[in-house]
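First, one chain by itself: the form predicted alone, in structure tokens.
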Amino acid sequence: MYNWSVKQSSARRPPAAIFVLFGATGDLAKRMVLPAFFTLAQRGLLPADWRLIGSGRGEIAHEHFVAHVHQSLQEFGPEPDAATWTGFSERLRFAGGDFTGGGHGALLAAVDEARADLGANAQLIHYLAIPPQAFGPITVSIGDHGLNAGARAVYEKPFGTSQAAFRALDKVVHGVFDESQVYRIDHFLGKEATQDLHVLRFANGLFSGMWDRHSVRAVQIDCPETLGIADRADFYDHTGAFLDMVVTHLFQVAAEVAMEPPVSLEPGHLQAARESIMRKFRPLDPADVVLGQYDGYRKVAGVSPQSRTETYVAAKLWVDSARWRGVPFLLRTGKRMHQTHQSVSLLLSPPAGPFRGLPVDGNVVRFALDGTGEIDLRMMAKVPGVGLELGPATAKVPLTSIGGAAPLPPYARLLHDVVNGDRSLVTRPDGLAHVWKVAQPVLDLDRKPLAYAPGSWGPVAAKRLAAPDGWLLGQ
């Protein structure tokens, strides 16, 4: 028997906390992390008292950092209402200087000041919203200056850039923090619809019996987007779509789909189920991978004119478990594509019976990961009338339509988990270690990406990966 006890949120607010945000003036903090903090403040989900110390190399005056945060909220939301903003802004600090060099004094002084205000037992939480290559040096400095004892550390993706880089970083991190202190986050796991993947499956008999290779002929995890790389050129040209999206996000979503039932909803059991199925992922076959680069990418400021960085990836992943053996998991993502969309689709096998030639998209369970999420059930039904004509029908369930719905944006949800010490959506090193083995054949490729036109569905060569059904989007 599985124990499906549902965790209840505690009404009691967590104890005082000191947040140190490394990379506080960077693009990630501006677009995602700072808005997440303010969202939690608006909802009353931050501790009763807290401080946010922004850390960065620039010598920025305190009032200029406060103005920067306000501008970030105006640009990326939520709109800073006066009542919340007043109390929020009073808790902001900035500590400039090179923390890994001789400029660590300002940050140490700011932490000491916060502890004097909040008490020595205030929870210290480090959030590393910085490029992956800076994770190691910042982590070492945190340990060198004694800011690791009892602290929590949040690491953005990607956690490493190869098998060797992952092992080196993991060794550095565990030299400073115990595993229980480490929060490797993936905002795709913070999406409401991603979490509903296992809820819908395990809490509903309608789906639990068909979630396997006997009923599902293919899984498509599709994340095209119309946007380019904006002001992320330096990061993106050194990372590419494979590291930025496939290794860090789409593999995690595939694990959510494919995992076996955990013993309970406790964080450790959820983590174990997710990491266990990752060890069943077969290393990618380069023949099952298509890399692309949109026309004009190399003319973007900050991108090398000779860049071979991929902006598009389509891949066929195999999961060697008894439940999923022989079912292709098709992963696709790309920049400057025809449409922005994030979804997981289970294509159901044709039913036995009198009907033949049913459309490939006639029986599909689809999870829209965009926004607050939606579940779509696409099925064949009789077209009303005197004849016996079939047509596709779709039943849509927006997750916000569920009574009592109060969705949090993914970053806010993950930050809320960190504040409360909930590790349910945190990735563990054992699963990540295998993920890098799965990815290594692609990382070893010396292949020029195929060109594709902006606004298209990517290189034509990717169509063969989804044969015979084709991609549900852009057929």
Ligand code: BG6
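All residue numbers refer to positions in the sequence shown, first residue = 1. Just so it is clear, the model here is predicted, and its values are computed rather than measured.
Another form exists, predicted in complex with the ligand; not displayed. Remarks below refer to it.
Taking the ligand as it sits in the model of the complex, is Asp244 in contact with it (heavy atom to heavy atom, 4.5 Å or less)?
So Asp244 counts as contacting the ligand.
Quick check on Glu266: any heavy atom within 4.5 Å of the ligand in the model of the complex?
No, Glu266 stays farther than 4.5 Å from the ligand in the model of the complex.
Is there a heavy atom of Arg332 no more than 4.5 Å from a heavy atom of the ligand in the model of the complex?
No, Arg332 stays farther than 4.5 Å from the ligand in the model of the complex.
Spell out, yes or no, whether the shortest heavy atom distance between Met32 and the ligand in the model of the complex is within 4.5 Å.
Flag for Met32 set to yes.
With the partner absent here, would Thr194, Lys280 and Trp318 each sit within 4.5 Å of the ligand in the model of the complex, counting heavy atoms only?
Checking in the model of the complex: none of Thr194, Lys280 and Trp318 is within 4.5 Å of the ligand.
Since the chain is shown here on its own, which stretch among 252 to 260, 116 to 124, 225 to 233, 90 to 98 would lie within 4.5 Å of the ligand in the model of the complex, judged by heavy atoms?
Single hit among the candidates: 225 to 233.
So which of His198, His104, Arg308, His187 gets a non-hydrogen atom within 4.5 Å of the ligand in the model of the complex?
Residue within 4.5 Å of the partner: His187.
Looking at Thr139, Gln342, Gln293, Ser345, which is the one with a non-hydrogen atom within 4.5 Å of the ligand in the model of the complex?
Looking at Thr139, Gln342, Gln293, Ser345 one by one, just Gln342 meets the 4.5 Å heavy-atom criterion.
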